[in-house]
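Only one chain is given next, in structure tokens, and it is the form predicted alone.
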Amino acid sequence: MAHSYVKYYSGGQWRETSSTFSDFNPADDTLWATVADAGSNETRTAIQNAHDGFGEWSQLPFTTRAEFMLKIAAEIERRKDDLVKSVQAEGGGWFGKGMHEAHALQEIFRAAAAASYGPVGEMLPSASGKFSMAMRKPLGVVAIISPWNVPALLSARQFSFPLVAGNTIVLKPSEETPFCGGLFFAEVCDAVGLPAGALNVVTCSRENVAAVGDELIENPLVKGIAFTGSTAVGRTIAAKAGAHLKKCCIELGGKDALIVCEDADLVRAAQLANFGSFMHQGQICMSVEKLLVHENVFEPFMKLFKQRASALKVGNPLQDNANVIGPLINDKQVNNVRTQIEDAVKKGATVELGGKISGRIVEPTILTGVKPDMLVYQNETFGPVAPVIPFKSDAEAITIANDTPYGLSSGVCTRDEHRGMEIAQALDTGMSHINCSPINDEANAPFGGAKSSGIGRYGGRWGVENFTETRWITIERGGKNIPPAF
């Protein structure tokens, strides 16, 4: 039976919209929910309510805001089964992915609560003997635009730390996952009694995305913008934010490499490659999209990798919790993956495993013979396709890994930790993980990319710093002389 979410959440109330849109299960196109379709007017109302609520929320004791974060974490635990089902039905995710999101959400809000107890300023030396302080204060209203691929986790990561720092939030989830990425949090925050206006959630159809997005960025009451999504859209948002001199934090796409050295534990490396390439059908910004393997271990690695990949169960996640590989989110994404595979084969690549597409389900696909002139080498795939490329030396692996405009995450497999550090430090990525997958995220760590993969960092104190203002405040104590002429 389809769900009904025909109201948006603003100022602590559930409000009507003049229209709705349909939210479909990507695995079988069944109607999963009917959702409120907000426009610029509803968004303007939500922003005003966030602005009106800023005074009360920002002036609460930090301990009270921290307590709300813990209440949110507890409420998420209570509702985790509903969240997991919606991750499967609305986003086409595997049961295990839904469980991970439900657990990670709780950790994010606990970490946000802990961040409230950290320093918010520092004492500065003063040549004239002033009592000199640098202090941080919340900006005001922060707009959050979140993606569909890991909707609950990525929404929470974007708004939790700004919220606990005293900002108020207007959250617009993706039109592909309006419940997981937005309305779920509205229900949770309503249930725990979060003060009116602290969190506002606006859902809209694809047709209204441009108007709603412009309102979130250009409305003068909005002081900061957080966005996670495609590089093309991120560039536009960053440009508009810059034009209005607003703070922004954007996390964008990736073309992430996993480098397997000849001294690596190949069993571990094959597992990391399988997880990194095919988790959530490769629809993760940190997915392995260049698998670089030393030529001396290429054949034994390929044997282990293909064994693992061929064992992944494919199918509708709602029909069987063991179905690890579900559908891609929409037909546009399927066509992009199909185009990249066909282009690679046409230009000489070999399909070592998979390659078949049925509806929106793409089999785990392993390619060899991938060259720089192929789309799958150049562009982000965001699908279950793993190009495996041999290399002769560490320098060559670093060159291939860095041969992309993206710079989000990376991984290096080697038994020599010193060697791993040298390679990691040479990679042009915001994050790098030795003997682990590029897919890594911890609530208290600085998460973000370099180059065309974004600006700013989420998580921990970095998530607070992004959306607070630094102020300099002094107390004069008799050492600052004013010129006698005055």
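Remember, predicted model here, so these are calculated numbers, not experimental data. Heads up: residue numbers just count along the shown sequence, starting at 1.
If you look for the form predicted in complex with a small molecule, you will not find it shown, but the lines that follow are about it.
Trainee: Can you pick out, from 239, 375, 210, 345, the residue that has a heavy atom within 4.5 Å of the small molecule in the predicted complex?
Mentor: Only one listed residue qualifies here, and that residue is 210.
Trainee: Which one, 260, 170, 154, 288, lies within 4.5 Å of the small molecule in the predicted complex by heavy atoms?
Mentor: Flagged contact: 154.
Trainee: Would 9, 68 and 185 all count as contacting the small molecule in the predicted complex, using a 4.5 Å heavy atom cut-off?
Mentor: No, the candidate spot makes no contact with the small molecule.
Trainee: With a cut-off of 4.5 Å between heavy atoms, is residue 251 one of the residues that contacts the small molecule in the predicted complex?
Mentor: Residue 251: yes, in contact with the small molecule in the predicted complex.
Trainee: Is there a heavy atom of residue 148 lying 4.5 Å or less from a heavy atom of the small molecule in the predicted complex?
Mentor: Although the small molecule is absent here, residue 148 would touch it in the predicted complex, with heavy atoms inside 4.5 Å.
Trainee: Considering non-hydrogen atoms and a 4.5 Å limit, does the small molecule approach residue 229 in the predicted complex?
Mentor: Residue 229: yes, in contact with the small molecule in the predicted complex.
Trainee: Answer for residue 206 alone: is it within 4.5 Å of the small molecule in the predicted complex, judged on heavy atom distances?
Mentor: Yes, residue 206 sits close enough to the small molecule in the predicted complex that at least one of its heavy atoms falls within 4.5 Å.
Trainee: So which stretch, 102-110, 138-146, 86-94, 311-319, is the one near the small molecule in the predicted complex (non-hydrogen atoms, 4.5 Å)?
Mentor: Every other range fails; the passing one is 138-146.
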